[in-house]
Each structure stands twice: as structure tokens, then as C-alpha cells.
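In C-alpha cells, the next block holds one chain alone, the form predicted on its own.
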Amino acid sequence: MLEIRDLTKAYGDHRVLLGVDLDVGAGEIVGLLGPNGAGKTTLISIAAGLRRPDRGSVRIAGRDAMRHRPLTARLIGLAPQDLGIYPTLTVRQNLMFFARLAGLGPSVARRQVDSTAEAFDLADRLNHRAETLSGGQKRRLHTAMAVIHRPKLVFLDEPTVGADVASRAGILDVVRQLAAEGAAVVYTTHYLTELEQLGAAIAVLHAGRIAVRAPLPEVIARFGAAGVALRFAGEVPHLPGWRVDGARLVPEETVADPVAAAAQALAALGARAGGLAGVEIVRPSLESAYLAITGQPGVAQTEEVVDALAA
């Protein structure tokens, strides 16, 4: 559904995209990840036709998106990070406006407004002005406006930022439904657990190119690593095979079983473990894989603190 080849883009002397290649198939959810400033929004803007690249091509459903802009534009749904709702219009009017803008006839548009409002849990708010909605409801409306015409290619740029737990779960349900109906979805987020919940394929944009493009389990298997750190309140003791990292001891090499490594270290420390403040355990995850791919330092995410090991 989406084929990007050798896409480059620079802003003055700042080169953002250095030859990006990316494919997204019908019915596939691809999580587009990358550090802040990596060019994710630029890539999406070019793919959606809002910016022109310096070089490269974008094909949507087999057609050149730059040469056939009116035709391919109707296949796209875009929800950028910044809210794009009209606050003085009602929820119904916002949805109807975008349905008609996408080319739906009046009767079809009305049906789509009702079904989309139901899917995004906004049916009881259809006649309320958008400015009266909660933050989570506004975020749901914003995303609903992007998919009201059931596009074949959907770009969601941080769709759950600022949303409450219920709103986030609702948006994820709709994303799954879109993919199940055959839409190709490009999804950016800093909440990496959302991509795990969606079972998304992963594409990491790093240093101007797609560094990794693979199914989620493969990314975690190839790049995810378990980790452990012993955190001390006072002086950090020395232990063979471990190195001092600030107020922590961390293994000098990757460990296969972090809990067993922590238990062995505590046994070896004996009385010297008296200043232990906590044990940080990291399981292989998308976050640890992402940090490894992008070369960012530190323990990716503390999933459990096992203070009982100090007993």
C-alpha cells in the first residue's frame, strides 16, 4: 500500500532524511520509531503529500503519489500530533465536515459519522461543541476525523499523547479494527508498550535511514537484552565481573538471567551488601531493543524492583 524509496530531505544545511526506504502492506500496522528530531514527522508529511522531498519517490496503492496527488490523497487518513479540531463546531459537524471533504456523499457521510462516533465512544457527544470535550475526548475526535472515510493508508502521529487510559485503549481498539479491515497503518508513539499491544511491525528511523524493519518478536529477539543493576544508598562496593555506574553496580557483560545474576552477586557481596537500596531488573523488551538500536545508554526501563533479594 505504501512504497517509499530513497527519500531524502534537508532543511538548509540540516540533513534529516538520507535515503529512506519503507514498505507498508495492506492490513499491516508499522510502528515508526526514532529519537526526537530523527525525522519521523517529516517522513510522514512527505508520504502524506504535505511536503516535497529533495529526492526519492512515494507510491500509494501502486501509484506515484506526487504525480497522482488528487487520486492518492483520497486513500490517506492523517492525524498529526497537534489537534486539528474546530472547537466551536459540534462533534457531529467536525466529523461531517471531514467526511464531505473526503468526498463522501451526504447519506454515506451521515452513516459514517454515526458509526465512527460509536467506534470512538463519542456517540453521546455528537451534539456537543468540541470545545466542551475532555482532553481524551478531543484526542479521540481528532483521530476519528482522520479515519471517517475509512482510508486505505492511515498515518497516526502520536495519537494517544495526552489521552487518558480509557481514551488510549479506545484508540488502540480502532487501530486494530482498521488493520483488520485492510488498512495500512503507520503509527508513531513514545509509548512503546502500545506497539507491543498492537503487535505492530517495527521500523526504526535513525541517522536519517531506516535502521531496522522487522516484526516485533524478531526485533526483541535480535536486539532486546535483559539487564540488572544493584543500587546502593552509600558507597558502592567492588565486585569481580561488575562495574560501578554512579550509585549502582552493573554487569560488565550481558546476562541471560538477571534475577539469578543479582542473587549470585548478593551472595558474593555478603556483608558488603548492607548498603543495598534496591535491585533493578530489566526484561528483554521493545524498549531495550530500541535503546540498543539507537545506541542510547542506560537501563531501558525498570520493570520490577526486587528489594526482597536484599533480605
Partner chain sequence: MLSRRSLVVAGTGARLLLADPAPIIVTIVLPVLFGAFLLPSSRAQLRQSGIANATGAEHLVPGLAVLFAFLGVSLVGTLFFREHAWGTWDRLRASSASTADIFVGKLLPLYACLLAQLAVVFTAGAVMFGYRVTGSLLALAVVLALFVAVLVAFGAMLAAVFRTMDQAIVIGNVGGMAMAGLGGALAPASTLPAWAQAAAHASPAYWTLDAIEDITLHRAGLADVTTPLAVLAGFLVLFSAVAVARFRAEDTKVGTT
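Residue numbers count along the first chain shown, from 1. This is a predicted model, so every value here is computed, not measured.
This next part talks about the form predicted together with its partner chain, which is not shown.
Although the partner is absent from the chain shown here, none of A226, A263 and I281 has a heavy atom within 4.5 Å of its partner chain in the predicted bound form. For its partner chain in the predicted bound form, the listed stretch (184-192, 98-106, 236-244, 209-217) containing residues with heavy atoms inside 4.5 Å is 98-106.
A heavy atom within 4.5 Å of its partner chain in the predicted bound form is found for one listed residue only; from L198, A73, L126, A119, this is A73.
This chain is drawn without its partner chain; in the predicted bound form, the residue among L172, A179, I85, L133 with a heavy atom within 4.5 Å of it is I85. The closest heavy atom approach of L230 to its partner chain in the predicted bound form falls outside 4.5 Å. For the chain shown alone, V91 is not a contact residue for its partner chain in the predicted bound form, no non-hydrogen atom being within 4.5 angstroms. Contact annotation for R168: none of its heavy atoms lies within 4.5 Å of its partner chain in the predicted bound form. In the predicted bound form, none of the heavy atoms of G275 sits within 4.5 Å of a heavy atom of its partner chain. Taking its partner chain as it sits in the predicted bound form, the stretch 1-34 never comes within 4.5 angstroms of it through any non-hydrogen atom.
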